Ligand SMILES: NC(=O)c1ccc[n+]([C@@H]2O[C@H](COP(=O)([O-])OP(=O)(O)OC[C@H]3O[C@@H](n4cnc5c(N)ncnc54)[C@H](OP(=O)(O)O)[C@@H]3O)[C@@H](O)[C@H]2O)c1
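Before any questions on binding or motion, here is one chain by itself as structure tokens, the form predicted on its own.
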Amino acid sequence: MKAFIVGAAGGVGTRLATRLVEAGDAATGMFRNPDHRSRVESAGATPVIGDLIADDVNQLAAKMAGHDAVVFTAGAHGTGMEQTTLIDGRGMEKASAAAAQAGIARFVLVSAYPEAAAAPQGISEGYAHYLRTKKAAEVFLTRTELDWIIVRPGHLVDKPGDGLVTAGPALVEQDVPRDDVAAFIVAALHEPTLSRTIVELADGATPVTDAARQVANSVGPRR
């Protein structure tokens, strides 16, 4: 498999590239800041500079051409509500349209727990906007013809992963290592029956490959 990672210089993106290569796959990593080239290369991905704000759908599709899947894990990372709208929102819309134009059906969106907006007291307007934007991006993606998977990780932490998770359509939000989010995405990409569904993800005791298969079975047609 050859995967195209949008947001490859980020915490999940770099780990995903490494996990893909370890699994025998190939990864191309798109990033905006030229200073991040070495970070993407060190993770094992072929580096490609791209800009979700400046590039149009045709330009993004040309970069994605020849890949089997797209993983969108880009984000504005607290740089302001306008950037959140342009990257997490409009950027995802452009990326999904580009994937379709490039003939790539498989599309994974790394999203967020929507109910987190109600949990903290005194939540900032910027964070509330981020959650609303992520939700709108999910809605947009589910209305495309793509073979999509939406992954909602819990609170992301940098401790080493062990490849064990809890995954399902609805979970209580908990911590989850970025390592294990990346490992689960690789497993999901290799589980063809896991399709057009939302998966919430937390730390747990189930190997990622088994977790991906179990979620696929749980949301599949009943006989």
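Heads up: residue numbers just count along the shown sequence, starting at 1. What you see is a predicted model; the values in this text were computed from it and never measured.
Same protein, other form: the form predicted in complex with the named molecule, not shown, and the subject of what follows.
Only one segment in the set 63-71, 50-58, 193-201, 162-170 has residues whose heavy atoms sit within 4.5 Å of the named molecule in the predicted bound form; it is 50-58. With a 4.5 Å cutoff on heavy atoms, residue 11 counts as touching the named molecule in the predicted bound form. Contact annotation: residue 133 falls outside 4.5 Å of the named molecule in the predicted bound form, judged by heavy atom distances. The named molecule is not drawn, but in the predicted bound form it has no heavy atom within 4.5 Å of residue 26. Among residues of the shown chain, residue 110 is one whose heavy atoms approach the named molecule to within 4.5 Å in the predicted bound form. With contact defined as any non-hydrogen atom lying within 4.5 angstroms of the named molecule in the predicted bound form, the contacting residues in 85-101 are 87, 88, given in sequence order.
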